[in-house]
Ligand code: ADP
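Coming up is one lone chain in structure tokens, specifically the form predicted alone.
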Amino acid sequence: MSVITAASAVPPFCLPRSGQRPRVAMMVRSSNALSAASILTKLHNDCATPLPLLRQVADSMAADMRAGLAADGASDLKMILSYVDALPTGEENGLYYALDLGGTNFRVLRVQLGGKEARVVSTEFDQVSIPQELMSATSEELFDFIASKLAKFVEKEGGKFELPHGRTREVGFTFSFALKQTSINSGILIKWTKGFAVSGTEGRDVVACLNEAMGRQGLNMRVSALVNDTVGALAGARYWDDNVMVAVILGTGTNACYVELMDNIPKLHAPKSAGGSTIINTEWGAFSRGLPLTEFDREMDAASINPGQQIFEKTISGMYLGEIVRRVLHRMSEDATLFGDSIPKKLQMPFSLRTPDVCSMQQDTSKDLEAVGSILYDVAGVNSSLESRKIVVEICETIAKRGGRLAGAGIVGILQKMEEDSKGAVFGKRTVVAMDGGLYEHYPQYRGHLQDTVTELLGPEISKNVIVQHSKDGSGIGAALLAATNSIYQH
């Protein structure tokens, strides 16, 4: 999942802001006045997602997937091979670890697996903040720090956690940076993002970097699986349900992966795996064809550090929904006196309105929309009328509805492609799409629009077989499960 931002995570959703009310700072607005109603009408029209448009988005997603599977660079979608050709079955036994590095924090986890009957016997995890200075240190310094914390975590192993005598501990490594995967347990770092500028890692195998650091710590552990967080989410969900075929993360950023038949991957020049299928990481945030974009989307994209890229992500993910709403409110404040004769200065700050704020405003069912007024005061420093609050809620709904419906169309595009290329082996049986991420989990209106769109596009009969369900934090345990399925002791 590619998120191009200095912030590493979206804050918890739907929590009202607290603290003292700020001093109100204003700018005098321009004389170019429009009505709020005319701006709102244009926004509705530009964000409209009628079924024919959504069908086109789904068809384009499927077509771009096929192009990306045919050849690298032939599509906006990278369609990255994960080299995961064995998924958890529930038979896995033993003690396994997971390490998740995706931002300014990393997480370590251990799980004791007990086979079909006992399943997950016990889990423990710990989260560690990476010191700021290590984010621009050498590769050796960063990985030595990670390995030292992992070693300390291993030292606390006990109780229900038991490693058979003579075995080396195995870890699944979730690494959420731009990577060229070369096998199930190797991958070359293409580029650091998210504020990292560590020297000496780009162009190197990150598993070798970690293995070497663990060796320097005297830690008897090896990386059995290197995975993307979305692939981990699919594995984590598949452990509990054999019908999981797709996983989607909708949080700060977004991504999707799915189970693909080897025969459908022309660019794959390696021998076919015994199972005949593998997980494909679509990197669908880069999709861009046929999306209904507004002037506010284009302005936000132009001002971003990656203009023209990640357009799907910028219309559907938690990083950006609040910023689109902020830009609409700023325009209405400037051109339609939404908040009186002055422009709130705080409203001019990019990303000052977060998606959790937008979510919270949509949950306000009070007669006078008191929570909406409070959030607007905290964020923009304005006193709002009931009329202006109603307009704000309508803007939030418009942006969330478009995002949810486009995400739903993307899911249908993946399912369509799978159905057509498997000659009807998907829609005729129960098929599960595992969902993870704070945006999906905590924003009920967004989630509802996504589900409604999947149902509308597939129709009443087929949609009965397609289950879109939340699979919380599957990626953490998923990496440990993939370490188990790829264990040197399983074969």
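The shown structure was predicted, so the numbers you read here are calculated from the model rather than taken from an experiment. From 1 onward, residues are counted along the sequence shown.
There is also a form predicted together with this ligand; it is not shown, and the following applies to it.
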(message) Is this site open or blocked for this ligand? Place it by superposing the surrounding C-alphas onto its pose in the predicted bound form, then apply the 2.4 Å backbone/C-beta contact test with a threshold of 3 atoms.
(response) blocked
(request) Answer with one of G373, G251, P344, P88: the residue that has a non-hydrogen atom within 4.5 Å of this ligand in the predicted bound form. (result) G251
(request) May I ask you to choose, among G236, G408, G318, G285, the residue with a heavy atom within 4.5 Å of this ligand in the predicted bound form? (result) G318
(request) Among 450-458, 35-43, 432-440, 49-57, mark the stretch whose residues have heavy atoms within 4.5 Å of this ligand in the predicted bound form. (result) 432-440
(request) Using the partner position in the predicted bound form, report whether V328 sits within 4.5 Å of this ligand, counting heavy atoms only. (result) no
(request) Using a 4.5 Å heavy atom cut-off, state whether V259 contacts this ligand in the predicted bound form. (result) no
(request) Evaluate G94 for contact with this ligand in the predicted bound form, applying a 4.5 angstroms cut-off between non-hydrogen atoms, and reply yes or no. (result) no
(request) Answer yes if any heavy atom of C359 is within 4.5 Å of a heavy atom of this ligand in the predicted bound form; otherwise answer no. (result) yes
